[in-house]
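Shown here is one chain on its own, the form predicted alone, set out as structure tokens.
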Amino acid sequence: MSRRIHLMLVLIGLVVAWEGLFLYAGEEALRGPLETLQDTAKLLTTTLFWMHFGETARAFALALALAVCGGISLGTWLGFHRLSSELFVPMLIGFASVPKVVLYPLVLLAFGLGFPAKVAFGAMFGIPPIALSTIGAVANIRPVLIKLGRVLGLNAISMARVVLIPAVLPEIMTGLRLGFSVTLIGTILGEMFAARRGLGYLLMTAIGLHDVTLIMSLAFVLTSLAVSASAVLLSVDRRLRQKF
């Protein structure tokens, strides 16, 4: 069975399951697939949506940049420094397993209400998976590759460009895919708890007003964005693995 046919069958199954759940729960809890598409199309024409979308996009972009830079830097250091790895990796794994929601009051105390808090909260979600994947990638570099680079007389920049980056990039991409998703979740959660703008705030307002139409439209938009981005990153990941 080809990948396209398999994907189409999965999508059809999801739509059928969605429609079945809607028929069971009723309009008080859900909206059907067709109605949700129509409501989402209307939402995308409003200035209100794009104002909140722009705020979320700005916060998410900054949070993701911090997560990528922080995760790769931390992972590279711990991957190369064995003593630091033995000390800090268990702590990093423990931090990754802690529900971040319980730490949000500390984030608010440190950064206050508003934009910095949700950026920091999003980055907190994204750094651990990116760092852990980078640690694994660096630790699994074959020593013979580094020895070969030294024999060839490569300097530090050439060593990184020719040997290290091609060796670690495919595995790091796996962490980036997961980091992208959880950073988006963290940013949205940050907006839901302590913000006055953003899609998370708009979603929380809709929940408070029991606006099922807006809830379903926002959920559809966020899910579509996350799935589309994950598909693009997965495609890049596959190409990198085939290339390297």
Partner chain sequence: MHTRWRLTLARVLILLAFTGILEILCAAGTIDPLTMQPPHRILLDLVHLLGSGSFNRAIARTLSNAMIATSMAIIVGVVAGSLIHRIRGLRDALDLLFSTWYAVPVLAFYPLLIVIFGLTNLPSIMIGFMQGVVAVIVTTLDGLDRVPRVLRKLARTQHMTTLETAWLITLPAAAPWLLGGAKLAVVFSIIGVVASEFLMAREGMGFEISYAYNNFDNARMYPLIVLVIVFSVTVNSLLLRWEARLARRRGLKP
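Numbering follows the first chain given and starts at 1. Predicted, not measured: the structure shown is a model, and the values here were computed from it.
There is also a form predicted in complex with its partner chain; it is not shown, and the following applies to it.
| in the model of the complex, Arg177 touching its partner chain (heavy atom, 4.5 Å) | Flag for Arg177 set to yes.
| message | Against its partner chain in the model of the complex, would Leu103 count as a contact residue? Criterion: heavy atoms within 4.5 Å. | response | Result yes; Leu103 sits at the interface with its partner chain in the model of the complex.
| request: Although its partner chain is absent from this view, report whether Ala17 comes within 4.5 Å of it in the model of the complex, heavy atoms only. | output: Contact check for Ala17: no, nothing within 4.5 Å of its partner chain in the model of the complex.
| Should Ala219 be classed as touching its partner chain in the model of the complex when contacts are defined as heavy atoms within 4.5 Å? | Yes.
| said: For the interface check, one of 177-185, 35-43, 63-71, 49-57 should have non-hydrogen atoms within 4.5 Å of its partner chain in the model of the complex; which one? | reply: In the other structure, the partner sits against 177-185.
| query | Has each of Leu169, Ile172 and Tyr201 got a heavy atom lying within 4.5 angstroms of its partner chain in the model of the complex? | reply | Per the other structure, none of Leu169, Ile172 and Tyr201 touch its partner chain.
| said: Within 4.5 Å of its partner chain in the model of the complex, counting any non-hydrogen atom, which residues from 92-121 show up? | reply: Those in contact are Ile93, Gly94, Ala96, Ser97, Val98, Pro99, Val101, Val102, Leu103, Tyr104, Pro105, Leu106, Leu108, Leu109.
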